[in-house]
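Just one chain is shown here, as C-alpha cells, and it is the form predicted on its own.
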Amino acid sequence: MKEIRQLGRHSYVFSPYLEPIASVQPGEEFVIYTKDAFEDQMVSEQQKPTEVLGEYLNPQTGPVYVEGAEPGDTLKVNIIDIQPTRDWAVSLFIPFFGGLTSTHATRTLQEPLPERVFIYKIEDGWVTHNNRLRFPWRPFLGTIGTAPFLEALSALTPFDHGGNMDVPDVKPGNSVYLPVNVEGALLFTGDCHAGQGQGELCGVALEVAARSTLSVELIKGKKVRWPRIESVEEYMVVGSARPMEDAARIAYTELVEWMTELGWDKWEAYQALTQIGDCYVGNMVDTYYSMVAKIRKEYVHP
C-alpha cells in the first residue's frame, strides 16, 4: 500500500499552485501521515504556547494528485482507518483564541486567557489527562479539502473546498465529497483529532499526529458546491460562514438540493428537514464557523 509523507515543508494553505507530493488512482487505498495542529511542537505542560508556536497552525500533508480528476468533478474520499502515531494527544489555551474569549475578529477589553497545556495519554481506547478529563478515542480528520480554483486559503479556514471544518463526522467508516476545482483535485489533509466536542469550544481539540488510511473515487461531470458527508445511516452537508446562521442556511439548503437529486420534491424536502433534520456546530472558533445539517437515510428512503 502506498504511504504518503510530507518530506519537505508542510503546507499551511490550500493552494492550486503547489507541486503534488504524490499521486493516487481512483479506487486505490493509501496511507497518509499527518502532524498535529502545532507541527508536533507542544510536548510538555511546562511549555507556553506563545513562546513555542509560530505564526501558522494546521500543517497539511499534500497536495496529493488524483489521476483523472478534472474541474467539474466531485472527489469522494473514503476514510477507512485512523491510527495515532504516538501515545499522547495535546490540547491547550491560547490567548485571544477560542469560543469564549476575545479574538482578533471579536475584540473587547477582556484580559487574555491564561496559557495552559493539557497532555493526554492515549491507551486502551481512552484519552486521559486525569480522572475528570477522560474521554473515549473518537478520531477524525479536522482538516481535509481540495485546492480552490484561484486563490490560496489558510489551513485554518473552512469554506466550500472543505478545509478546517473540524467536523467529528469526518471519521472512519464515512465518506466525504469534495469539489474538484483544478486538474488532479489536489487533496490536502491534516489536523487529526483524537476526539472533540461540538463547536471545538476552546479552539483546540485533542490534537494528535496520525496515520490515516484513505481511498478516493471520482464522480465525473458533477460537482458538489459544498462538502458532503455520507455515513451508513445519514446524509450530511457542511456549510461554513459567519455569522453562524448563514453557515446553517448553507448546510440546510445544500441538503435540500441533495434530497432533490435523490428524487424528492424540493418543498417536501424542506418540510421533511423542518420536522426531522438535525444540525450541529462543527466549529465556532475559526475564520468561518462550520455547521452540519443532516438527515437519517431511513427518512430519505422510506
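Quick note: we count residues from 1 along the sequence shown, nothing fancier. Just so it is clear, the model here is predicted, and its values are computed rather than measured.
Beyond the structure shown, there is the form predicted together with a further copy of the same chain, which is absent from this document and is the topic of what follows.
Segment that reaches a further copy of the same chain in the predicted complex - one of 27-35, 42-50, 250-258, 62-70, heavy atoms within 4.5 Å: Within 4.5 Å of the partner lies stretch 250-258.
Touches a further copy of the same chain in the predicted complex: residue 182 (any heavy atom, 4.5 Å): No, residue 182 sits far enough from a further copy of the same chain in the predicted complex that none of its heavy atoms falls within 4.5 Å.
Contact label in the predicted complex: residue 196 to a further copy of the same chain, heavy atom within 4.5 Å: Flag for residue 196 set to yes.
4.5 angstroms heavy atom contact with a further copy of the same chain in the predicted complex for residue 173: No, residue 173 is distant from the partner.
Close approach of residue 262 to a further copy of the same chain in the predicted complex, 4.5 Å, heavy atom: Although a further copy of the same chain is absent here, residue 262 would stay clear of it in the predicted complex, with no heavy atoms inside 4.5 Å.
Contact at 101, 116 and 276 by a further copy of the same chain in the predicted complex, all three, heavy atom at most 4.5 Å: Yes, the whole trio is in contact, each within 4.5 Å by some heavy atom.
Listed residue (217, 81, 123, 151) with a non-hydrogen atom within 4.5 angstroms of a further copy of the same chain in the predicted complex: Of the candidates 217, 81, 123, 151, 151 is the one lying within 4.5 Å of a further copy of the same chain in the predicted complex.
Residues from 208-239 in contact with a further copy of the same chain (non-hydrogen atom within 4.5 Å) in the predicted complex: 225, 226 sit within 4.5 Å of the partner.
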